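Single chain ahead, written as structure tokens, the form predicted alone.
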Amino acid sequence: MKKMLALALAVLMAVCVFAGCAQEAENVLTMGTNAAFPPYEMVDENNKIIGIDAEIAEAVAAKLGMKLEIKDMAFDSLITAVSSGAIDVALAGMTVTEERKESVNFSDTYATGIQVVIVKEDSEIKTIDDLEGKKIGVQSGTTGDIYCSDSPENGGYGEDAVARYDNGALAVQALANGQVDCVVIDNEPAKAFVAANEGLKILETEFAIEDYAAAIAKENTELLESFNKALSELKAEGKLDEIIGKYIKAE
């Protein structure tokens, strides 16, 4: 009888532990990003992913009573990861585009991005009108890639004009080494890359202005609604501006 009671208690405890683990797992918000896009996401000296997107996701998760888990992956795999359920949400300085909206839903906009052009200080490229016939470095899968690789009829420069890299840092390194003539990338990481690489500058002419938002699976409408509600509260509380202001100083 004692043995049966002990066995029953053991089973009950195991069930409770399993249920607790399952409940804990359900309370995790998994965010995918590409942590080479400062100041939106980067890795600090402790190998922790920090930045605007990481802090916004952390604040949203707290509003939802969830724990945030961040996965670093290739930028051009993020949409697939969201659609397949490998991650719950993607925050990666991701621009809302019609093509991406075919695969995922987007949250409300939380930031505005500006695409710019990085060149060498002695470059003959003075404005975006001078990009014709030049080799353009881009981060694979980004809007810079999409804009530049599009056909000339659609305002792009064609596939042959583009050199793709896994992240912005590699594209900028290729520019510094003379492998490409310029790099098209978001203004904020551009400033960080130029500051870290002597002899480079950003053209004054803006390439494009974009809206950043979080990508969420189309069928996960509950998360989309909850995410937008939390985002709205963070905006009203001034927390969103506080996070962005921490990394991007008003000019």
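Numbers follow the displayed sequence, beginning with 1. Note that this is a predicted model, so its numbers are computed, not measured.
Only in words, not in the display: the form predicted in complex with glutamine, which the text now covers.
The partner is not drawn, yet in the predicted complex one stretch among 95-103, 154-162, 125-133, 171-179 has residues with heavy atoms inside 4.5 Å of glutamine: 95-103. The candidate site formed by Phe37, Asp186 and Tyr212 is fully in contact with glutamine in the predicted complex, as each residue has a non-hydrogen atom within 4.5 angstroms of it. By the criterion of a heavy atom within 4.5 Å, Ser107 is excluded from the residues contacting glutamine in the predicted complex.
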